[in-house]
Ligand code: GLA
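Take a look at this single chain, the form predicted alone, given in structure tokens.
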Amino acid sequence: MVMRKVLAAGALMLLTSAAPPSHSFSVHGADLLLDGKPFQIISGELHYPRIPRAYWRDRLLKAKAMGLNTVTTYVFWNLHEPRPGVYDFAGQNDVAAFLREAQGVGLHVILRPGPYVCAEWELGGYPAWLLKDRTLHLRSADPRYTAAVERWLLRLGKEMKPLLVQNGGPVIAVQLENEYGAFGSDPAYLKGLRASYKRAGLAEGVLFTSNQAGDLARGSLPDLPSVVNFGSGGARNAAARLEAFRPDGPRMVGEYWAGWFDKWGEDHHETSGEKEAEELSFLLKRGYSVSLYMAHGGTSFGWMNGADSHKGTDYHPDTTSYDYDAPLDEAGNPRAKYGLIARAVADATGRPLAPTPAATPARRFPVSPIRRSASLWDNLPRPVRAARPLTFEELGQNFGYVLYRTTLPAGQGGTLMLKGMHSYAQVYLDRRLVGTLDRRLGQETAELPRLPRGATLDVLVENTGRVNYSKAIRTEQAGLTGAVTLAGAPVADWRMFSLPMDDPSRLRFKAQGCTGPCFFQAELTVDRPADTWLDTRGLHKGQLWLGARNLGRFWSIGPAFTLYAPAPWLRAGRNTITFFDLSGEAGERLDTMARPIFGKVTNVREAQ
């Protein structure tokens, strides 16, 4: 009996010693308190899916060396629940492991679970299947929406609750929603969401709202702390507006935009590191807590780029590169503004300046000529038939392409109207390209010649990224979303071929040339893995895979002309590159570079 008691006591001691110590984090007037002592948050945003998992620790350590004591991240619902009730928290999606890694290097965490996150991310983080029901209203009190949110948050809470600071984890604060004041002004919606957070265990510590300066009143709740978001040039004005709005509340910037994002067909953005360091110094010396957006942008791998829309009718899809001109570039290397910001933090806090981390080596590797190709026309799945075109969501498809096919009788011709085409389409008659439509340019019509005999009409539609901003998110179904008419008459009897392109290994390749919409394969030979950049200037428009990993989109209009290929995703020897080009031809070519290539550069207009 004595021995049993000794063993039991020893087991209890082991369990007790293994449990992480709990802490407290609270708001007291204008102060933030960690374990009852004043604490100034100096944070930077890093997103776990935009950083290869093998590099999580590297990026976190570099963020810490810049002087940060905290990191901020969103949680991306559409990654974790790709189909209703089907959850994925493994591998690259293991957000809990990312937070533990941050804690392991000595960083606290601010968690932003949304469910709306914006982030220049596909549909602002919402899973596309929510749009299957066209009457459902995102970001509202619609019971169908709130039921889906509730289910998601309860599942997320199981992952996150052990990581809250009071449970020994790194999460010191949780943001409620995300810049809601820029979208609406419904306190009941925010209160209902807060209740869901509570039931999920996500509101047991400090919960706060975050809005741009002009939206503070619309996007806040009176009994929650409120923080302000703005970019370069706006520090003094935003600080004054926050202090006027909440004179007795905490002084905190939820997002200080230390860069900007790129959109296809527009200039590459760069911002002033000198200005950002000066404003950060002003804020820190004024006693503000600050989170830089972004400390490190990374890459929106695969299909996950979003699109911008401020009026609801305009459309500006974002590039795969999310470099953001952040202090750490897309490959995690310090750029000039990293040192400027690090010095500003050290000066404001009196802490010693850490050495600037060395850049990760990058190299060029030889790429073979195109080895094999596969025509899209020879790799179509079984179609779905319907009287009208079905959207991606109605077909149960989130990303990729859909080929819409119908037969036109002899004699027809005129204006083909694809109302609500989302978002890029190529129109074919008997596999001959007769028109290209681009939502960016407001194009929804193509002229068809009068047909001397019947012909097959094919419309190949790409989802180039659903809008992630404004009320447009509620109508972001992909594909042919409206009526299709030819010379004013409805076009019916459609066959739809779903092309999610989630497994290029299933394609039937041949050792021969291909033109039109085609898949191509080449080989990248690596002696010793290192970061590299795939130079896509010899391609047109499409998607590229390194092995089974979807690296993202390429498009000859720029401003991004390379795709980041991280060393951990390469292997010594031959690596297969597969890419799909909408306008394939014999001259397709790939190369590698030791640095990224951007087109024309512009400076972001400073906020007023």
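Quick caveat: nothing in here was measured; it's all calculated off a predicted structure. Counting begins at 1, following the sequence as shown.
Another form exists, predicted in complex with alpha-D-galactopyranose; not displayed. Remarks below refer to it.
Q: I'd like to know whether Glu276 contacts alpha-D-galactopyranose in the predicted bound form, with contact meaning heavy atoms within 4.5 angstroms.
A: Contact check for Glu276: no, nothing within 4.5 Å of alpha-D-galactopyranose in the predicted bound form.
Q: Should Asp438 be classed as touching alpha-D-galactopyranose in the predicted bound form when contacts are defined as heavy atoms within 4.5 Å?
A: No, no contact at 4.5 Å.
Q: Using a 4.5 Å heavy atom cut-off, state whether Asn178 contacts alpha-D-galactopyranose in the predicted bound form.
A: Contact with alpha-D-galactopyranose, yes.
Q: Does at least one non-hydrogen atom of Tyr197 fall within 4.5 angstroms of alpha-D-galactopyranose in the predicted bound form?
A: Residue-level check for Tyr197: no, no contact with alpha-D-galactopyranose.
Q: Work out which of Tyr288, Tyr74, Tyr424, Phe183 lies within 4.5 Å of alpha-D-galactopyranose in the predicted bound form, going by heavy atoms.
A: Only one listed residue qualifies here, and that residue is Tyr74.
Q: Counting any non-hydrogen atom inside 4.5 Å, which residue from Phe519, Phe392, Phe261, Trp152 sits next to alpha-D-galactopyranose in the predicted bound form?
A: Spelling it out, the residue with a heavy atom inside the cut-off is Phe261.
Q: Suppose contact means a heavy atom within 4.5 Å; in the predicted bound form, does that hold for all of Asn229, Trp257 and Tyr322 with alpha-D-galactopyranose?
A: Yes, all three are in contact.
Q: Within 4.5 Å of alpha-D-galactopyranose in the predicted bound form, counting heavy atoms only, one of 448 to 456, 113 to 121, 414 to 422, 490 to 498 shows up; tell me which.
A: Careful reading of the contacts points to 113 to 121.
Q: Where, within 75 to 98, is there a heavy atom within 4.5 Å of alpha-D-galactopyranose in the predicted bound form? Residue list please.
A: Contacting residues: none.
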